[in-house]
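Before any questions on binding or motion, here is one chain by itself as structure tokens, the form predicted alone.
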């Protein structure tokens, strides 16, 4: 795996995803234009495209091609983007910048930003349904994929974690409560991205179990590193305002355990991720390299 070119892999997968997102999203002049412009503004602003790339990598690790899962890969990016649009609103995190540009509500106003987020979440499930029509995909599996994504994005996943995160601001919480927030707010959608890609790619039960375990560890590591970067990063490197966790009195891994202990925990989770992926042999190279990228990233 040492010779794997992650930069080339990420560049090509991002290109595939960006082309597909541009194709799937309604044009700016499609009525009503205001909401479609707002949707495209945030989705096409760039970003790591980690979730759609995980969908693709989940399919590839079981021997399927990116084209098999592209509608669902784009759907996961739309769900992620909807959550960012809503997170940035004054009622939530009240942020001015995201991905290096003004947040959606700063450009289009609160009402259109809310509706753009709603539209992206709704359209995402339309795209997942479209995945059933692609060659090589078992349409019956798409039902399981819809259910898994809905759970990961809803009150048993991302939304539930966000609720507890908001309720915990300014309070003393336990390590167990912090892990609950991270598992649900962030790891759930990352785990689901990997597993739905594997499902659509035809994974059997043992392969799905390995991918799910790897996705859980990877998702937790990602959030811990995010917490560290919020302390050590800057607007230039992150594309968003750093230090927001401290200003909002949020409990994070560094706040609870310290920076160095947080780094050790993230590295340990990445090692568990790669160990679980070992069952896939050489096909795990992209995912193992992605895992290292997650813990080493600076933005």
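In this text the structure is predicted, and so the values were computed from the model without any measurement. Residue numbers count along the first chain shown, from 1.
The protein also exists as the form predicted together with a small molecule; that form is not presented, and the subsequent description refers to it.
J.: Which of these residues, 105, 80, 199, 191, gets a heavy atom within 4.5 Å of the small molecule in the model of the complex?
T.: Only one option qualifies, and that one is 80.
J.: Just one of 210, 178, 84, 221 has a heavy atom within 4.5 angstroms of the small molecule in the model of the complex, so which one?
T.: By the 4.5 Å criterion, the partner-contacting residue is 84.
J.: Report the stretch among 47 to 55, 266 to 274, 27 to 35, 251 to 259 that approaches the small molecule in the model of the complex to within 4.5 Å, counting heavy atoms only.
T.: Flagged stretch: 47 to 55.
J.: Even though the partner isn't displayed, in the model of the complex is residue 298 close enough to the small molecule, meaning a heavy atom within 4.5 Å?
T.: No, residue 298 is distant from the partner.
J.: Considering only heavy atoms, tell me if residue 216 and the small molecule come within 4.5 Å of each other in the model of the complex.
T.: Outside the cut-off, so no.
J.: Consider residue 203 of the chain shown here, and say whether it contacts the small molecule in the model of the complex, taking contact as heavy atoms within 4.5 Å.
T.: Contact with the small molecule, no.
J.: Residue 158 versus the small molecule, in the model of the complex: is there a non-hydrogen atom within 4.5 Å?
T.: Looking in the model of the complex, residue contacts with the small molecule include residue 158, since a heavy atom lies within 4.5 Å.
J.: May I ask whether 40, 72 and 126 each come within 4.5 Å of the small molecule in the model of the complex, counting any non-hydrogen atom?
T.: So, no: the whole triplet misses the small molecule.
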